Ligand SMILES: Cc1cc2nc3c(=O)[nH]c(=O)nc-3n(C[C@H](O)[C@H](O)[C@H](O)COP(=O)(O)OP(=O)(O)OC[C@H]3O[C@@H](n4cnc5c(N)ncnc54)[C@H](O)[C@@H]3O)c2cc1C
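This document starts with one chain, in the form predicted on its own, laid out as structure tokens.
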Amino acid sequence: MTDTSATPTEPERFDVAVVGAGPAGMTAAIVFARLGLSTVLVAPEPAGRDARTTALLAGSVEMLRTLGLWDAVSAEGAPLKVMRIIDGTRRLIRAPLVEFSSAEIGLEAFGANIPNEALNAALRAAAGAEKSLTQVPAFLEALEPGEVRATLTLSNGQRLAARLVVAADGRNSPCRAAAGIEVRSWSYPQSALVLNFGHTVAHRFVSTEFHTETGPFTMVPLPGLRSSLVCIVRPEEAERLYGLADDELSAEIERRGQSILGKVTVEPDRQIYPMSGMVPKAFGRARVALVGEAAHVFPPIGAQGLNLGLRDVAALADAVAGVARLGGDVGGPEVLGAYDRNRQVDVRSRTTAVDLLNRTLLSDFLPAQGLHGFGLYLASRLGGLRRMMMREGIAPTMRLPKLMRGGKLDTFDLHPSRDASDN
């Protein structure tokens, strides 16, 4: 393990510094600490309550299970057994109803819809139990990549040095900027209204997505007679809906959802998020590896966001583990090059697919509408195509990292609270 001692003129040294304590950042800190690497997690104390939910797909569930964390969150969520797509447009070319059943590909469920509060609480508890993980509640003020280590200057005046910096610091990532990684970004004429609601008809663990002219309207199961909602509409319409009284918004959601869940009662904590997209030109450079929203941003369609972020972490662990076992440079060009090659294919293919789906919904161009409808028609009629779409939607079968296949990395210690120095 790296010597973390520091003199008054030298920064405290670590193998890995993780910047950002969202779910992807906390998971990364836990993983690298259990790899036996001296790890520091840099992030301020969480502020406010996150009432959103996340649909964790099978690969992410398997990763959390491998880390010993799934039991702490599974009871708070609802399994996703069927994903139903309904064409809710009034266009000339409309798609048939399509249902994707997890049983058709041999799974009990595609995954589970988990409240973010429950997931974050489990990750914070696990991070706090890692004796080889240091947590510093501060903001990053400056990052200087170096030939051997990167130097981090924090808002509390502390200075750290790490061979690998994991940038989990969000879509406007200061770490990414410091590493000189350029991005391509774009915006959509849409915003997402996000909230949870109660209803009187059982969801039967079916997630229903209405495709409309302004974007998807998606109702995802929660335990009991509750569901979460992502309603993507024009920004002005999102603001109008946000401003409605509870009873008015409840009636509007019931109408848009065609009353398939019965009478609706919205819960507090509704939120609005502008829709945008972003991909970097590289996923690793100058001792910095990008994960989560520092590495990709796109609309909340197809449950790809955090699942892709956790896959970033698992893929980076794959790249680091073998080098760490041989005592190599965990933040060197070999590791970052392997990580970049892995993420280029996965992230860009997902981003392209989600972007294409969203734009065909928004388009007034008849051939684009036809493409969207014909694709769903084929999925409804061709079982082989439907099963392929389900498997690839959950995770890329050709590039699934070990932690998402139930595998153990060579230097990996599964025990949630064991001190790496005891290995």
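Everything quoted here is computed from the prediction, not taken from an experiment. The numbering used is simple: start at 1 and walk along the sequence shown.
A second form of this protein, the form predicted in complex with this ligand, is not displayed here; the remarks below concern that form.
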message = Check G257 for me: does it contact this ligand in the predicted complex (non-hydrogen atoms, 4.5 angstroms)?
response = no
query = At the 4.5 Å heavy atom threshold, is A129 in contact with this ligand in the predicted complex?
reply = no
A43: touches this ligand in the predicted complex, heavy atom cutoff 4.5 angstroms = yes
query = Do A24 and this ligand share at least one heavy atom pair within 4.5 Å in the predicted complex?
reply = yes
task = Report yes if all three of V19, T53 and L306 come within 4.5 Å of this ligand in the predicted complex by some heavy atom, otherwise no.
result = yes
Region of this chain that lies against this ligand in the predicted complex, out of 181-189, 258-266, 132-140, 99-107 [heavy atom, 4.5 Å] = 132-140
task = Counting non-hydrogen atoms within 4.5 angstroms of this ligand in the predicted complex, say which of L249, V194, V347, I86 makes the cut.
result = V194
remark   = None of P216, P280, P300, P115 but one has a heavy atom within 4.5 Å of this ligand in the predicted complex; the exception is P300
